[in-house]
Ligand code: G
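Okay, here we've got a single chain as structure tokens, the form predicted on its own, with questions on binding and movement later.
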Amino acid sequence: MRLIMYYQPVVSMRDGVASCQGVIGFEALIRMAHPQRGILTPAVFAEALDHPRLARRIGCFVLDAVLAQGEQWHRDGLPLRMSMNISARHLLDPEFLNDLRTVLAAHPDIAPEMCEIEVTESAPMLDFPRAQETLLVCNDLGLRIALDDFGTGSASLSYLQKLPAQTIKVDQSFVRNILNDPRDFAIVAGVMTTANMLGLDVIAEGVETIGHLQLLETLECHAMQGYLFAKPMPAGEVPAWVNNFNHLDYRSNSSTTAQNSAEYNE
């Protein structure tokens, strides 16, 4: 068994914003390659990701693997933003910043501003002062910070004032139901309004249909991630996918896109 990284695109529907035909970057998602069971998602080994003895080792693996891959893509002419999930235990580890500085020094061909650390909104609650200080240093190093799964924890909106984040990722559990649940629509609309007033970027997760895309655009949400565009994929599939993607296709050929989305969910 070994750990590997899969990558899911984050795309922009706004003309002229993203550099790769509408592709902002990729979120790196950890997987386990099992000799008998194939590729396993984190749901199978979630406890290990935040285990006291394993969290830092896994976190260092993720940092190095993702920056090495991003560095290679940048050399190949794909200036993609690389987003990586950091566990609460690794984030709060006294050695985290040293680990981060070490991996940045080892991969100088990807600029820190093209790297984004994703932390769940509940992670800082374990030790808010340390988390806040650590994330401020990350910003000082040039990295972006994203609050992942926003809306699912017990954090208040004051987090958006106190944490040095540049991006909010609205959790897919809200986005998927915005077409038929007025409460979820209200939550997403409220997050969008608050984020825009604070000057924060918003990425909607769980975008699965053209209907989701169109409704999100009415809320001025133009950055999206979900099965409508692509499932997480091995690194080797990314260059061809980027070269074939164009956000205009999702307006000019909505029927084909909707069919592709249905196939992704089978």
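What you see is a predicted model; the values in this text were computed from it and never measured. We number the residues from 1 along the sequence you see.
Another form exists, predicted in complex with this ligand; not displayed. Remarks below refer to it.
Within 4.5 Å of some heavy atom of this ligand in the model of the complex lies at least one heavy atom of Gln172. Using a 4.5 angstroms threshold between heavy atoms, Gly206 counts as touching this ligand in the model of the complex. In the model of the complex, Ile210 stays away from this ligand, with no heavy atom inside 4.5 Å.
Among heavy atoms of Arg176, some come within 4.5 Å of this ligand in the model of the complex.
Of the listed positions (Met32, Leu219, Leu29, Ala65), a single one reaches within 4.5 angstroms of this ligand by any non-hydrogen atom in the model of the complex, namely Leu29. Contact annotation: this ligand lies within 4.5 Å of heavy atoms from the stretch 141-149 in the model of the complex, the single such stretch among 141-149, 126-134, 91-99, 105-113. The single residue of 76-92 lying near this ligand in the model of the complex is Asn85, the criterion being any heavy atom within 4.5 Å.
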